[in-house]
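Single chain ahead, by itself, as structure tokens, in the form predicted on its own.
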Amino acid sequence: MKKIALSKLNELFAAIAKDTELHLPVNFKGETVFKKWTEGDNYAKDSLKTVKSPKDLFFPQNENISNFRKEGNKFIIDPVELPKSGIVVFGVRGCDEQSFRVLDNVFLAEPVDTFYEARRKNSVIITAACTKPSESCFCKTFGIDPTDPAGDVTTWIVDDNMFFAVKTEKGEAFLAKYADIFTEAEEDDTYRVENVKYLANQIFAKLPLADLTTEGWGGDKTDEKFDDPKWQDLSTACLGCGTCTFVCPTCQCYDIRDYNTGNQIQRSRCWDSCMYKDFTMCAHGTARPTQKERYRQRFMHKLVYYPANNDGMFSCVGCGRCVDKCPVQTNIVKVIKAFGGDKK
């Protein structure tokens, strides 16, 4: 385990930024967001989670994927150049780290999404352990340890120091590259980190959603859940605003649009939402014409369809963003509880 004084973090950030793009949480207009680090930015180390997850560092909210133009009677396709180097993402919470693996199962499966792959494959993920969760957190429901999250490197803050533990070969190479900035942790430091983890777990055990469980959900529950009358009652209040999908770190729906720029056609990809009534609209209409069907689709995908195709892994990481942001509180927690997923 390595350590660095918090007062030297900007020295580390500056060294990283000389080699590659560094993205980390910063405070911006009263909110915490992931931002490309520049001199003068302060790492929002005390903020629990960003408004939006860092997924758009790999799956941007909007991106140009191709250009077309006409020369005489021929159409010329101008491919968009793929990113050539990865980035370092610092301060990722355990829930958001797991969301990357949820997205990997989608975008790195055949046929591979080359845009996502190019951004993801050479990037380093440095996670930050949680010590002060919010009441909307329920990541442990999905098997995440927020006090010791996965990633290439995991960090803990203890008093005036930050400790770094290697989790992957990529993480080992990262720490070796900046070895001059770190010092070796001592045996007493390891004890202090373990104590921080222990105390944090005591807090997590007392959260309002600590007893939330996925019991009764999974890849074999389609027939049992699909026609349940509870969906009608649950969906009645839903506004179809799509807020839940845009703050969700695992939602992967997108739309493709062509725009005439005057001298070429620009093909762009942008996030979309299965909660919108025109989602996947075709000439004959839409396959899910009612709000109940759209509402059911979102949660069946996260709790049934996705685990059916991904070895039981759920497409929710318990970050609680939808709990915080849904204007009518028809979030995934309400769905899980309605079907009995609560030990209380």
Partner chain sequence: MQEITGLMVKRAKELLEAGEVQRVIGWTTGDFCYDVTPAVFTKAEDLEEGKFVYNSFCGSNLSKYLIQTLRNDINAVNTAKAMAARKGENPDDIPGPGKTLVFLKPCDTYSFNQLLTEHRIDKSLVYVIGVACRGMADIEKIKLMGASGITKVIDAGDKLEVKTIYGDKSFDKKDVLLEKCACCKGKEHKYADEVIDPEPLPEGEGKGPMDRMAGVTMLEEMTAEERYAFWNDQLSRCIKCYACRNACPACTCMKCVFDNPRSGVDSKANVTEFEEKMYHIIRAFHVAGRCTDCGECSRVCPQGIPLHLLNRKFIKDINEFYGDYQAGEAEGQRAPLVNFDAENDVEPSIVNEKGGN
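What you see is a predicted model, and the numbers here were worked out from it, not measured in a lab. Positions refer to the first chain, counted from 1.
One more form of this protein, predicted in complex with the partner chain, exists but is not displayed; see below.
This chain lacks the partner; the member of G242, G219, G171, G86 within 4.5 angstroms of the partner chain in the model of the complex by a non-hydrogen atom is G242. Proximity to the partner chain in the model of the complex, defined as a heavy atom within 4.5 Å, holds among R101, K177, K132, K121 only for K132. Proximity of K292 to the partner chain in the model of the complex: non-hydrogen atoms within 4.5 Å are absent; the residue sits far from the partner. Using a 4.5 angstroms threshold between heavy atoms, K277 counts as touching the partner chain in the model of the complex. Interface residue remark: V328 is counted as part of the site for the partner chain in the model of the complex, having a heavy atom within 4.5 Å. Contact annotation: K337 falls within 4.5 Å of the partner chain in the model of the complex, judged by heavy atom distances. The candidate spot formed by I4, E11 and S47 lies out of contact with the partner chain in the model of the complex, as no residue has a heavy atom within 4.5 Å of it. Segments offered: 76 to 84, 181 to 189, 145 to 153, 207 to 215. Contacting the partner chain in the model of the complex at heavy atom distances within 4.5 Å is 207 to 215. Residues from 25 to 61 that approach the partner chain in the model of the complex with a non-hydrogen atom closer than or equal to 4.5 Å are K29, E31, V51, K52, Q61, in the order they occur in the chain.
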